[in-house]
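Only one chain is included here, represented as structure tokens and corresponding to the form predicted alone.
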Amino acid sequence: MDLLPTPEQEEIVTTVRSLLERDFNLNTLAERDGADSVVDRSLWAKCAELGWFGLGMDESLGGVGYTLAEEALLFTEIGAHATPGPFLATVLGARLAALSGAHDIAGAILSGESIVALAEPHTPGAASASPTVSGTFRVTDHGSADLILVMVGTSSALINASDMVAEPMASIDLLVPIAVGTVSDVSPIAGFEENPGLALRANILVAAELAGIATATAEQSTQYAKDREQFGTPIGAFQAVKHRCADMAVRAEAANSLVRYGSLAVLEGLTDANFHAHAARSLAATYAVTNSQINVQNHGGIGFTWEHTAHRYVTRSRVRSQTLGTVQSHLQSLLDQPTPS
């Protein structure tokens, strides 16, 4: 199985990276710290025009026609730039609506007209998603949402944002608004009672974003180790820094390799695809958190300042590592899976 991106995939990555570097600069986005919504509607429409929200959807469903492999590359770049916004909920929500036959809703999401927030149980096991949605949920990006994608285990449903009563709560990542929302027996406007395929895809995409964080922080540390001098020598020449950077690069490579293998395992319908998805998710989360923390340490005093972007990766990795499950829950899921052949 070839894990290296094809030339066409490399072109997709280059296009995505170019827009993120130009229009999603973290220092500029810092102006939105603590806001209920970080979504710029004009930028969101631009992402929609480029086909990001339907990149991995079949053309028959209104998508661009690529696969989960390309979608994972998109989310790796989103993670590498610590890009805020409900990309995950939007991509998954559009797919769910299209598969449910709600093509008007899917079209509105794919065009950027409707923004989707992500809701997951505030307390595990204390909410339901079928046949009606009820319970208390942790919701990301509720402030700008028109729709809410509710995911409970392998069940998923789309509801109107107006059907949820939500109160903002403190978030450790000021560019990821979080609210606690309550829903009482709301009938979904689109969804299935069980959709394990969507949950599987979600695991891969969250893992891809975390792998992007692991990669970006490794590269940020390496570059700083080359540029920063002490006693007339780049600090990368010192073993204490050099070894940390090397370990970070190994973690990033391992996380990306598992994500790519997991996405291909899902595409090829391997019987152990679930195992590889949970493996990628748990390892990528662990390595993203570890690399982001060491990145701050490698930068010394400047790494602890608010003006530097190093802390953005620390908080983003913490938030994403608890999105749709924790490292512990995914490790437990690994134990529950058949051993890969």
Partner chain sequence: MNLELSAEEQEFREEARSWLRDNLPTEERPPEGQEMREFDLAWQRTLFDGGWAGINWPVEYGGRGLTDIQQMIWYEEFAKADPPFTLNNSCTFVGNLHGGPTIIVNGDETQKSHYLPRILKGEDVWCQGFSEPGAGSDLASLNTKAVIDGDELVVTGQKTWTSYAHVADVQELLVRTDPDAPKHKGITWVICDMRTPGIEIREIQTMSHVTDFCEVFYDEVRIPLTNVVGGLNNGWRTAMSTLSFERGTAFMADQVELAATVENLIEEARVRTGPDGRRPAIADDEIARRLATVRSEVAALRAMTITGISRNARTGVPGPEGSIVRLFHGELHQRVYQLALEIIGSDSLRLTPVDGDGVWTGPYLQSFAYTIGGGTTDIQRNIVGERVLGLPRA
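None of the values given here were measured: they were computed from a predicted structure. Residue numbers count along the first chain shown, from 1.
The discussion below concerns the form predicted together with the partner chain, not included here.
- Every residue of the trio 169, 315 and 322 has some heavy atom no more than 4.5 Å from the partner chain in the model of the complex.
- Under a 4.5 angstroms non-hydrogen atom cutoff, the partner chain in the model of the complex has residue 263 among its neighbouring residues.
- Using a 4.5 Å cutoff between non-hydrogen atoms, residue 62 does not count as a contact of the partner chain in the model of the complex.
- The closest heavy atom approach of residue 101 to the partner chain in the model of the complex falls outside 4.5 Å.
- Mapping the unseen interface onto this chain, residue 29 falls outside it, with no heavy atom inside 4.5 Å of the partner chain in the model of the complex.
- Comment: 265-273 is the region of 265-273, 153-161, 105-113, 187-195 lying near the partner chain in the model of the complex, near meaning a non-hydrogen atom within 4.5 Å.
- This chain is displayed alone, yet in the model of the complex one of 241, 127, 183, 199 has a heavy atom within 4.5 Å of the partner chain; that residue is 241.
- Of the residues given (69, 39, 55, 47), 69 alone sits with a heavy atom within 4.5 Å of the partner chain in the model of the complex.
- Applying a 4.5 Å heavy atom cutoff to the partner chain in the model of the complex picks out 282, 283, 287, 293, 296, 297 from 281-299, in order along the sequence.
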